[in-house]
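Only one chain is given next, in structure tokens, and it is the form predicted alone.
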């Protein structure tokens, strides 16, 4: 177990779910500390204790030389670690981690010395509302620490392979400090600007992702109903102007093959970027557009289409490409413009 004296050499990780556990694995196996930094330890917390136990058991075999500390709360993580990474599903979870009472990161900061607080850098890789992230980041700054918004793109596959794109908003000096840590989990790490800029980039990207997935699903279903073989149409799209990430990497039609890839559609839409989280990001985009006066006619329609799927037991926890199955299930009745 890491002691209080080596807090400077300890990285905390909060949230070891479908994304976080893979990201931590790459961090443990790829991160190279500064030359004079000594052995890096990791302080871990998840509301699901079994997830922490599983990670520690795995690394006790694969990387037995790396110290892993099981923590009881975000407060406990912050007491052990000067760098803290969080990857949690929603804004509520995120608030609980950073400012949620006596078990939060903020509560721990208030017990530390000025030197320890100023050495604390938090990197939140969740996707939440930009205004909330900025508000809490400023609160942590007032306590002497700093927080970067650093949402990721690439899904579970990117998390597993260490090929995520990470978009970072915040202080440039803090970003420079974060790069060696974030690079161990990513293909590309980009400083997008001041606080909230990373989230802005992520929300805009995922708005487009939702639009292209729904558009591709509608196009494929239309072609199929008009008599075109789905594989033929998919091949045409991927050599024509309709080509996109959804058509090349995460094709929504189960009978379509694209190279050697096996997208979620090939396994009942299990795994991947689940529908309820895809809708969460679309809803964030719609809300942000309302605040900034950006017309969002297409994006709003996509959010409205995904909304009932995100609330459905049948679709919520399956990959967001399951929208194709939902559209197909509507049948060929005319006038079904929305789910």
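Positions refer to the first chain, counted from 1. Here the rigid core means the biggest group of C-alpha atoms that line up within 1.5 Å when the two forms are laid on top of each other. Note that the structure is a prediction, hence the values are computed from the model and not measured.
The following text describes the form predicted together with a further copy of the same chain, which does not appear among the structures shown.
Although the partner is absent here, residue 314 lies well away from a further copy of the same chain in the predicted bound form, with no heavy atom inside 4.5 Å. In the predicted bound form, a further copy of the same chain lies farther than 4.5 Å from every heavy atom of residue 40.
Remark: residue 75 does not count among the residues lining a further copy of the same chain in the predicted bound form, judged by a heavy atom distance of 4.5 Å or less. By the criterion of a heavy atom within 4.5 Å, residue 82 is excluded from the residues contacting a further copy of the same chain in the predicted bound form. Although a further copy of the same chain is omitted here, in the predicted bound form all of 154, 197 and 243 have a heavy atom within 4.5 Å of it. Here is the short version: of 171, 96, 135, 235, the single residue with a heavy atom within 4.5 Å of a further copy of the same chain in the predicted bound form is 235. In terms of contact with a further copy of the same chain in the predicted bound form, the residue from 27, 66, 47, 288 that brings a heavy atom within 4.5 Å is 288. Stretch 184-192 is the contacting one of 184-192, 102-110, 116-124, 138-146, since its residues have non-hydrogen atoms within 4.5 Å of a further copy of the same chain in the predicted bound form.
Residues are counted as partner-facing when one of their heavy atoms sits within 4.5 Å of a further copy of the same chain in the predicted bound form; in 224-240 these are 225, 226, 227, 228, 229, 231, 232, 233, 235, 236, 237, 239, 240, in sequence order. With the core held fixed, the Cα of residue 259 is displaced between this form and the one not shown by 2 Å or more.
After superposition on the rigid core, the Cα atom of residue 174 is displaced by less than 2 Å between this form and the one not shown.
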